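This document starts with one chain, in the form predicted on its own, laid out as structure tokens.
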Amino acid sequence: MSRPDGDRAPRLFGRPVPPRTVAWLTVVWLLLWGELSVANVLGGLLAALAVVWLLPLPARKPALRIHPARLLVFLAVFAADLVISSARVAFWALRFGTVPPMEIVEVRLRTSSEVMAVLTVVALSALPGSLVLEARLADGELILHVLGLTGDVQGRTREDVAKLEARIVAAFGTTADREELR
């Protein structure tokens, strides 16, 4: 669990005690006991306070932010991409005796965030007709196997990946992630 309110949290004997974490742990305690009583609530509060005081979590910045409107855009476009790529693969699968065009494409990601890179890799792997063969996250490079595209496959694939990455960063990225794409 992250502690976004780490510095503003009340202190108990000099250590921060984040209220949201205490509340969450108390709810978990009550669910485990299965009965709502004053004793269980007080026991849960005491157990939660002991856990957060004895085992403090380091404060960290969240690497993922959800932007609801941009998430809806990402999901709508991704759903359309799923339908289109499924139809493309089905078209080539039903053409017996014809080998579909295939290419290996190297793509450089524009963001340095590993979280955004992983989300991009997952999205690309979910699309029929594309497969991430290698992901060098430290270098921001992906090697893709692309099936069923004709024409300028290299340019088209790089453009499609850049657009997908931009939608992912818009939906899930931090301010720093979005600044990298400008």
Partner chain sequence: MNALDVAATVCLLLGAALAFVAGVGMVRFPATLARMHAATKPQVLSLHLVLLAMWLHRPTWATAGPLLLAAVFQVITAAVAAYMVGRAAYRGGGPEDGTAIPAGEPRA
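Positions refer to the first chain, counted from 1. This one's a predicted model, so the numbers in the text were calculated from it and none came from an experiment. We call the rigid core the largest set of C-alpha positions that still match within 1.5 Å between the two forms.
Not pictured, yet referred to below: the form predicted in complex with the partner chain.
Considering non-hydrogen atoms and a 4.5 Å limit, does the partner chain approach Leu127 in the model of the complex?
Leu127: contacts the partner chain in the model of the complex.
Would Ala135 sit within 4.5 Å of the partner chain in the model of the complex, counting heavy atoms only?
Yes - in the model of the complex, heavy atoms of Ala135 and the partner chain come within 4.5 Å of each other.
Does the partner chain get within 4.5 angstroms of any non-hydrogen atom of His145 in the model of the complex?
Yes, His145 sits close enough to the partner chain in the model of the complex that at least one of its heavy atoms falls within 4.5 Å.
Look up in the model of the complex whether Ser112 has a non-hydrogen atom within 4.5 angstroms of the partner chain, and give yes or no.
Residue-level check for Ser112: no, no contact with the partner chain.
Could you check which residue among Leu42, Ile66, Ala50, Val122 gets a heavy atom within 4.5 Å of the partner chain in the model of the complex?
That would be Val122.
Residue by residue through 78 to 105, tell me which have a non-hydrogen atom within 4.5 angstroms of the partner chain in the model of the complex.
Those in contact are Leu82, Val83, Ser86, Val89, Ala90, Trp92, Ala93, Leu94, Arg95, Phe96, Gly97, Thr98, Val99, Pro100, Met102, Glu103, Ile104.
Verify the C-alpha shift of Glu35 between the shown form and the other one: is it 2 Å or more after superposing the core?
Shift of 2 Å or more: yes.
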